[in-house]
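We begin with a single chain expressed as structure tokens, specifically the form predicted on its own.
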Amino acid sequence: MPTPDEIYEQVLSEETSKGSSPAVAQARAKAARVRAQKGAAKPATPAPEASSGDGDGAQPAAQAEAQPAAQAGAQPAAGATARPAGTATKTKPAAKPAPGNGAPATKTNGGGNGAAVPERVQRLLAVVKPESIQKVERQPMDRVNVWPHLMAAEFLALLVVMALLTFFSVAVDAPLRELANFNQTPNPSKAPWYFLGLQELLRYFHPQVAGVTIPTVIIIGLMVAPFVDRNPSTRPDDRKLAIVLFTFFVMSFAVLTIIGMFFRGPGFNFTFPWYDGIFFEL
């Protein structure tokens, strides 16, 4: 009967000759050795000894147990050859063969009929290498730190805007005007530049439409736009809807403001600034 170590070496050599990886071959050989050790701990019960019969001769003492073949699909072995009468025979428990290419091991049925009963064998599905379960480092992202990259850019932008405001304040005179006289309305009477777009709308629509309906629709549309266009991309080619809506809003407001600022004269009538001058003060 081969020992568990011999079965281990046998299965290891078979798996290596078949081209299996070293990890798979060692795992299958260890499984075969464990099964052999469990079989050695519970050996099969030997058949009882046979005694000599009458003077006309005795039948064979017992029939040897059936042994499964090493390969899958092999038939159990035949009974043992009969021995002369008067001699006692004893069957030796056969060693369990090492499982071959995934074939389940079998054991002899205890009922004495010699039928092969398959044992419960656990198969090795895969061997996971340690490298595959190690923690993967985070891939580098296209990000920069707030300090000093973002803070430096914002501070530079602040300096540029402050320089432009200082130059504009020195170059353009903005004196305080006299107190308002309710008996003398200036002509034309224009709103501040940020309200000139709405004042220009009053020349085309009813005050309820120009002062309430249109601004409300614009504000609601700007509030709903992020929920309609949920594309996270920052490429202009992928954000056509958002770009169209924002461009329409900005251009409409800019055109109305420019017309009310430079192309409206006395009585808020349409005029050309290069003929009649500019009727607008900051």
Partner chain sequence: MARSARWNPREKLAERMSSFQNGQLWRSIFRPGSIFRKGYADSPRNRAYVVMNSLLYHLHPVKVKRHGIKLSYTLCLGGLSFFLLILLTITGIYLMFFYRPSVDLVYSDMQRLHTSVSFGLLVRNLHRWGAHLMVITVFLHMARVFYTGAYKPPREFNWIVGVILLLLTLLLAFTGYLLPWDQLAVWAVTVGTEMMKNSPVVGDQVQFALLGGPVIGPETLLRWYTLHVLFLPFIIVIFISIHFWRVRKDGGISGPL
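Bear in mind the structure is a predicted one, so any value in this text is a computation, not a measurement. Positions refer to the first chain, counted from 1. Whichever C-alpha set is largest while still superposing within 1.5 Å between the two forms counts as the rigid core.
Keep in mind that the form predicted in complex with the partner chain is missing from the display, and what follows is about it.
- Residue contact with the partner chain in the predicted bound form: V217 places no heavy atom within 4.5 Å of it.
- The partner chain is not shown here, but in the predicted bound form it comes within 4.5 Å of a heavy atom of R239.
- The partner chain is not drawn, but in the predicted bound form it has no heavy atom within 4.5 Å of Q37.
- Contact annotation for R203: none of its heavy atoms lies within 4.5 Å of the partner chain in the predicted bound form.
- Residues are counted as partner-facing when one of their heavy atoms sits within 4.5 Å of the partner chain in the predicted bound form; in 214 to 247 these are I219, L222, M223, A225, P226, F227, D229, N231, P232, S233, T234, R235, P236, R239, A242, I243, F246, T247, in sequence order.
- With the core held fixed, the Cα of N231 is displaced between this form and the one not shown by 2 Å or more.
- With the core superposed, L245 shows a C-alpha displacement of at least 2 Å between this form and the one not shown.
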